[in-house]
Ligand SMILES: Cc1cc2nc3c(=O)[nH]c(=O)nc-3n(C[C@H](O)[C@H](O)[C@H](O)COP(=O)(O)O)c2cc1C
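To begin, one chain is listed below as structure tokens, in the form predicted alone.
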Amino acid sequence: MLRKISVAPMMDCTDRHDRFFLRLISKNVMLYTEMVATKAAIHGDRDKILSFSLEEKPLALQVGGSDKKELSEVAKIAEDMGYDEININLGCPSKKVQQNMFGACLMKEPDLVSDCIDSMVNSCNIPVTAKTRIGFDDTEDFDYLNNFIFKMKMAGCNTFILHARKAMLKGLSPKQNLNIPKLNYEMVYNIKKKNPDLEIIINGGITNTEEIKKHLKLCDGVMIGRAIYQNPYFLVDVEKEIFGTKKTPTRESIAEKLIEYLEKEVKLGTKVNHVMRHTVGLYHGQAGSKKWKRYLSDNMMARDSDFQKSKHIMTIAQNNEKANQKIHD
């Protein structure tokens, strides 16, 4: 199943360089772009904003908007560019997003959302999916959420990613909204129970493979965000324990392929730090983690970082690999 495990769309994180890096670690997870506003997708530098490498697939474009004509146009653009799915953001609680009338505030407008999804479904042949919260402000009600999902289903959406936490649209920052209020996994399980014909993917606070296995007994898929960004090699555990992959890459081999990618990108004008900033957590919890982070911080994170300094990364990776091998032996 395409969406059994997916990496959440995260602003300022899941850009094309991060997705290439994650794909070096896992071949089976579904990847999502950062949220792209409809106007940026239509009127902005499309090559810069929407381009991706084939290695990243399967890949979904997440879009933010509430104008059905614009959403329809972006759905067609996504299909023409080769995305495997287009996903509408109904979960972001930031004030800026609310002012532009998209994200979690759209949970208050089920009819508008239904019209938007209908327009998207009728303009493309790739799946149109929705990522939403389970409620907002004072509303955390099963019937409300179920009716919201039903309207989207009638408009042609069959896959729902449910962040198992309601959105607080007033008084909390987007960062606080990641931890407050409490998670309510039962609400997601009950939605799946009530809608066995729909693909229901659970998201929010999931940090290890044991939790993933538990959720997969009651939902169709699991989406993980921060736990993977902070510890990307967690995806190797996912590959082994969830997908049954026998041959997984070492951190050293990932670093090696990443340097090859970096060299190509730098020749095309990409800044070193735009690629390497995503790799800080590669040795998370391992011997050599501090050395890896320190070297990146001192040599790879400035705007004018020199590609030649990246060559030394392989020495650090090889030393880290030996150190960790000794620990395991």
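Here the structure is a predicted model, which means the values were calculated and not measured. Residues carry their position along the shown sequence, with the first being 1.
We do not show the form predicted together with this ligand, though everything after this point is about it.
Contact check for G225: a non-hydrogen atom falls within 4.5 Å of this ligand in the model of the complex. This ligand in the model of the complex is not approached by I316, whose heavy atoms all lie more than 4.5 angstroms from it. In the model of the complex, no heavy atom of P127 sits within 4.5 Å of this ligand.
Contact check for N89: a heavy atom falls within 4.5 Å of this ligand in the model of the complex. You can rule out all but one of 118-126, 200-208, 235-243, 78-86: in the model of the complex, only 200-208 has residues with a heavy atom within 4.5 Å of this ligand.
For the options M300, L31, M35, L262, the residue carrying a heavy atom within 4.5 angstroms of this ligand in the model of the complex is M35.
In the model of the complex, Q62 is the single residue of 49-65 with at least one heavy atom within 4.5 Å of this ligand.
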